[in-house]
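Here are two versions of the same chain, shown separately as structure tokens and labelled structure 1 and structure 2.
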Structure 1
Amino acid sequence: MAGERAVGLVRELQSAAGGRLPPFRAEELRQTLEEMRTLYERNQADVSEAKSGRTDLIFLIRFRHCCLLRNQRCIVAYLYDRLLRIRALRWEYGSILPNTIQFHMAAEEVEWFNRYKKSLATYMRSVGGEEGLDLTQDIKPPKSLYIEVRCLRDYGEFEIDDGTTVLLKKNSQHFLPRWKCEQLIRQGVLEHILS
């Protein structure tokens, strides 16, 4: 039936819970566009016949046109929702996405993510004086400047503002500045220990 592939793309995104990014369905998207091209060509042929006096084709032409518009809306919704999810991933994971997420992205989406990342970095450098302002830090207002964290995996040396380096090894606990470790918490390297 006309439009089922396009609706399937939207349904898949809707079923992906919690803003998770499902794999990009290039083949389904290509098939939907091919279906739209076929519908358009049929309409073009029938329009020329309808102009010559066959008025019985008008309802079929309108139906195909509605199918074209529905497919178009579904494709735009699919692509736009994916871009919104990818934009949210920049704020959640930082400027480097895990390979498992990048694997689910199309090449054009990776390119868009890189342009968005550069645009955001340019803006953050332009505000906040010489050092810029990191908007990705302190997404939630902090209750204290230092927090206790546990390292979930080996990370290596981590430098704090005063020049001190801390060795982050698996299962080690540290009392560190919140703003320095918030990014590592989001990446799954550190875990905030709540007392």
Structure 2
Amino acid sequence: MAGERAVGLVRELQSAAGGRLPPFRAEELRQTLEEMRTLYERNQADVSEAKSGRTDLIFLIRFRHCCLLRNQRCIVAYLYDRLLRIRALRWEYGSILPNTIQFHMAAEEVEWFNRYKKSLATYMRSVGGEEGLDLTQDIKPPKSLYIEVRCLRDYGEFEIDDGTTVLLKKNSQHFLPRWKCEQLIRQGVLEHILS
């Protein structure tokens, strides 16, 4: 069925709730592109026939053209939405993605992610004076410089600005500067405790 495979891709993406990135369906994409190529070739053949007088082919040509446009739309929307999700990963997760997520991305998407990281870093450096401004921090308005955190899982050694290292073991509590641990909290390693 023309267009069914492409719509299946869109459906799967739509059902992945919460901006989650499902695995990249390279095989289905290849098959859809193959189908588009077949439709196009058949149309090419029919158009030359129709020009020489067979007007009854017009419906078929138009029909195949609609299918081609439909496939194109589904594929483009699929790829674009995935890029939106990958972009969200940079803001929510940080600059280093875990392997499980990278596994779901195509090579081109990983490339795009790296280039986006670089663009974002360049932009952040250009804003806010000499050192630049980390826009991915302070997503919520900060109330204090130092915060109390509890460790949710073993992470290992963690170095703070003044050189001291902290060992992050499960269930240990620490009083750390906010800007160092914000990312770890968002990643689920630490838990912010309100006093």
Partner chain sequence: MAEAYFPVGPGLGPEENFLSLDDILMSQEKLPGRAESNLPRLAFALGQGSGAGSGDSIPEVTVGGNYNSRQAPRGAVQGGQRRSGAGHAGSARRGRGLRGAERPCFHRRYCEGLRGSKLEIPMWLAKGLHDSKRRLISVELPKIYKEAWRTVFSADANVVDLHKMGPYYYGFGSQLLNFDNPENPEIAQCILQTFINRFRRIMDSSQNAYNEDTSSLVARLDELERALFQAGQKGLNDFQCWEKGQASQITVSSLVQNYGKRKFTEMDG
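C-alpha atoms forming the largest set that superposes within 1.5 Å between two forms make up the rigid core. For residue numbers, the reference is structure 1: its sequence is counted from 1. What you see is a predicted model, and the numbers here were worked out from it, not measured in a lab.
Looking for the form predicted alone among these two structures; is it 1 or 2?
Only structure 1 fits here, because that chain is the form predicted alone.
With both forms fitted on the core, check whether the Cα of L176 differs by 2 Å or more between the two structures.
Moves: yes, 2 Å or greater.
In Å, how large is the C-alpha displacement of Y155 between the two structures after the rigid core is aligned?
Superposing on the rigid core gives a C-alpha shift of 2.3 Å for Y155.
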